[in-house]
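This document opens with one chain alone, in structure tokens, the form predicted alone.
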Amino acid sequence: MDLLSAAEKIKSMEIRGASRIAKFAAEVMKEHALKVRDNFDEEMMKASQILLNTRPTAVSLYNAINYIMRYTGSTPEEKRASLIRRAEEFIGWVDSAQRKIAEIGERRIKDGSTILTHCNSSAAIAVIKRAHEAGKRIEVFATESRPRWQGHITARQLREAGIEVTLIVDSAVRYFISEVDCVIVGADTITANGALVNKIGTSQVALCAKEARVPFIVAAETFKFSPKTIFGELVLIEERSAEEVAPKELLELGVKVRNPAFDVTPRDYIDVIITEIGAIPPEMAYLVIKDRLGYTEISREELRFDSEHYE
């Protein structure tokens, strides 16, 4: 697949989900590196920016590119080999992290639990499936996750795994929250202060859970933690096209539409974040960024990519 076609798949949400986007980007970078013959550094930098500009909110994409682009070598072939090795390492990180999150998260689910999930998180689904495979009797409420209906994908994936699933509209969360034992969602970005940036509607789910005293659990690989937020930068919330929300006839009348793809859940609403390195409180997010991601004693200028989309 050529680079521009791959970028369009991410931008159009044919490839969706923070983990899938990161893994796909790593695979694309590896494939592109094999094709580059001249001006290796320049061409790989161009490829990086093209991919980064597709989805500005998901920090997993940024961390994937940043990890891969820390390649070394003095000749083009040495650089190519180093980049390919780092891309393969990142792909392995994605796969192993999800398995570990499933193992750790499953222990948080009691036999007989009813779980609510929002959107389509591969990490959250991995936890739920692992609990089912462990023999625990569980049921799941899955929100539709409008306007892109990612919840339909979640419902299908869980049902195909043999799990009892009830699909509900997003606005019905408060109606059903009294029947729920815990909420499990994924993450697009986790900030240095432990706030969660995730699919629009997540913060409302968290608010309902807080009010009902239902545990709100986030399943997130450590590559979803944002190093830029250490320096006070805000996460840019992507706004998508009006056509995703409103029919053409309504738009032609001049009705304005706002369509943010994500919202921010305060850390006070989060009980625990399940990562591949353990179950941590949101207050530990800074340490994950500093120690796990290797951003120790680093200045803002040293962060490799600072395109306008990340300002």
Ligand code: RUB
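All residue numbers refer to positions in the sequence shown, first residue = 1. These numbers come from a predicted model, not from an experiment.
Quick note: we don't show the form predicted in complex with this ligand, though the next part is all about it.
> Give a yes/no on whether S121 approaches this ligand to within 4.5 Å in the predicted bound form, heavy atoms considered.
Result yes; S121 sits at the interface with this ligand in the predicted bound form.
> Given that this ligand is not shown alongside this chain, does A18 nevertheless sit within 4.5 Å of it in the predicted bound form, heavy atom to heavy atom?
Contact with this ligand, yes.
> Is L293 close enough to touch this ligand in the predicted bound form, meaning at least one heavy atom pair within 4.5 Å?
Looking in the predicted bound form, residue contacts with this ligand do not include L293, since no heavy atom lies within 4.5 Å.
> Check whether T229 has any heavy atom within 4.5 Å of a heavy atom of this ligand in the predicted bound form, and answer yes or no.
No, T229 sits far enough from this ligand in the predicted bound form that none of its heavy atoms falls within 4.5 Å.
> Among A187, I128, V183, A142, which has at least one heavy atom within 4.5 Å of this ligand in the predicted bound form?
Selected option: A187.
> In terms of non-hydrogen atoms within 4.5 angstroms, which of the given stretches 72-80, 193-201, 160-168, 133-141 touches this ligand in the predicted bound form?
Contact-bearing stretch, as computed: 193-201.
> Check K23, L51 and F225: does every one of them have a heavy atom within 4.5 Å of this ligand in the predicted bound form?
Looking in the predicted bound form, the three residues K23, L51 and F225 all stay beyond 4.5 Å of this ligand (heavy atoms).
> Are there residues in 136-152 with a heavy atom within 4.5 Å of this ligand in the predicted bound form, and which are they, in order?
Only Q150 sits within 4.5 Å of the partner.
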